[in-house]
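Coming up is one lone chain in structure tokens, specifically the form predicted on its own.
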Amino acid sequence: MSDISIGALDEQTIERVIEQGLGVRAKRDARKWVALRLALAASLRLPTPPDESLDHIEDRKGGNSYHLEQVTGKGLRHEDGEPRQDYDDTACALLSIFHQMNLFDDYAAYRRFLQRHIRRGLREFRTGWRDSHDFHEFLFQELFSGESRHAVDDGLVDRLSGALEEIGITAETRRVVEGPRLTRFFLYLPSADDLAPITRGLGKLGHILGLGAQNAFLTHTDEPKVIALDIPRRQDTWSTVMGYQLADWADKYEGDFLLPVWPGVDVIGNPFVLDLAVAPHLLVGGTTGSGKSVCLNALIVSLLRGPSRERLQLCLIDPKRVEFEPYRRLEGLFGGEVITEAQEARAVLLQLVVEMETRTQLLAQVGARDLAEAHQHGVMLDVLRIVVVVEELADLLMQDEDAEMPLVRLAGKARASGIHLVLATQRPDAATFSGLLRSNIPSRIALTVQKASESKIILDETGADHLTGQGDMLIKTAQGTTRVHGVKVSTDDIASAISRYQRNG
């Protein structure tokens, strides 16, 4: 009897890792222990336990089974009887510590947890690694991301002072704060006349400091004559904001936001939260690889774990048919499933328009302008807040341009009835984010874009063309524009949020 069973997708991932990632032929099972152990290591790197849904293997045909001798080296010995590469006790000890239970006394539980971890690690490889990326670099980031590797560059203060003098600015560095990706300098400007030159000279400053395509950012503070200057650091000094931190923020939230979402942290590492109910809609734009899809996942996971999850319904539209695949097992979606066909998407959006009109009539009957006012008057309407997330708006409109009409109607009127839009695209242009949509959606998230004109389409201002990529974003709300570093949401974070939502929602 085998000890570890995996599905067809898992088996394909093993062969892909061995052959494409490591460049070794994987024709024999003996080679596959490498991928199995790497998957175990990747899973143990995550702080949360693997979900019990990993016990169920839907695609057994084409899958495989492995004995512990293949996975952990259990029982392997030299001809003289000495142990050789037998790491089974080590694996059992690691899992015992991870799950806080003695698995040496429960062989069945040990195998069950081992299988869950291996399958979770393979899922992380499958969803996180692209063939065009170096597997060794991906593996390094997967196993060591989140480590706080940044250190204060003692010479940066002097280099910055010299650069400021070179552009004719006299400033005193009051203090320095190290964030996940940036170093923030709080600069005292003796003369108010220095503010305009330093604002105009950010491009020159970046050139003198060797920042490349990135740029220094200027932020006003509450301190008299003090500004904050953010200088990006080298990528190898960044620390990653992991998905489990988002889950912790959401689980422990005690504020009064109705639909709090956490896209990430601000430049000095503090969690950034906004209320989607107040937003009340979001436009999200960013070029390919900027972290747009991960940002959407952070918003969705926030909602699934948030305080209003029991009064929440999601409508997920994914014309690309890929990004929202993990949510297919989510129960109670508006429309019954993740919507991938353009015509079905338009039909669902029209249903939402009908729902909006019905709710508007109910509000009128009780003399309230919106749900919040109705609740203040003691009238609790039996309706759920609905959040509509469109993963790639440009693709949707390309396939069915008539889908824009219900979106415009929802953007204009749906906020009062508790229906909120999150519209995302990797092609932020006037054709996708039309004037009718933009005028009714004041809250925006801009990830890295290629041109200043694209930044203006999303934010009505430049800046997103100088971000560092990989989840770096500018968020514009009624309170102003804030720079945020996105949280890295993994497939496991999504699976955990879905399981908790469906168990406790």
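Sequential numbering from 1, following the sequence displayed. Given the structure is predicted, the values throughout are model-derived calculations rather than measurements.
Missing here is the form predicted in complex with a small molecule; even so, the following discussion is about that form.
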Worksheet item: Given that the partner is absent here, does K292 sit within 4.5 Å of the small molecule in the predicted complex, heavy atoms only?
Response: yes
Practice prompt. Classify V17 as contacting or not contacting the small molecule in the predicted complex by the rule of any non-hydrogen atom within 4.5 angstroms, answering yes or no.
Written response: no
Practice prompt. Would you please decide whether T287 lies within 4.5 angstroms of the small molecule in the predicted complex, comparing each non-hydrogen atom pair?
Written response: yes
Discussion item. I'd like to know if R130 sits close to the small molecule in the predicted complex, meaning any non-hydrogen atom pair within 4.5 angstroms.
Written reply: yes
Worksheet item: In terms of non-hydrogen atoms within 4.5 angstroms, which of the given stretches 435 to 443, 63 to 71, 467 to 475, 48 to 56 touches the small molecule in the predicted complex?
Response: 467 to 475
Worksheet item: Between the options H281, R181, R305, R120, which residue brings a heavy atom to within 4.5 Å of the small molecule in the predicted complex?
Response: R181
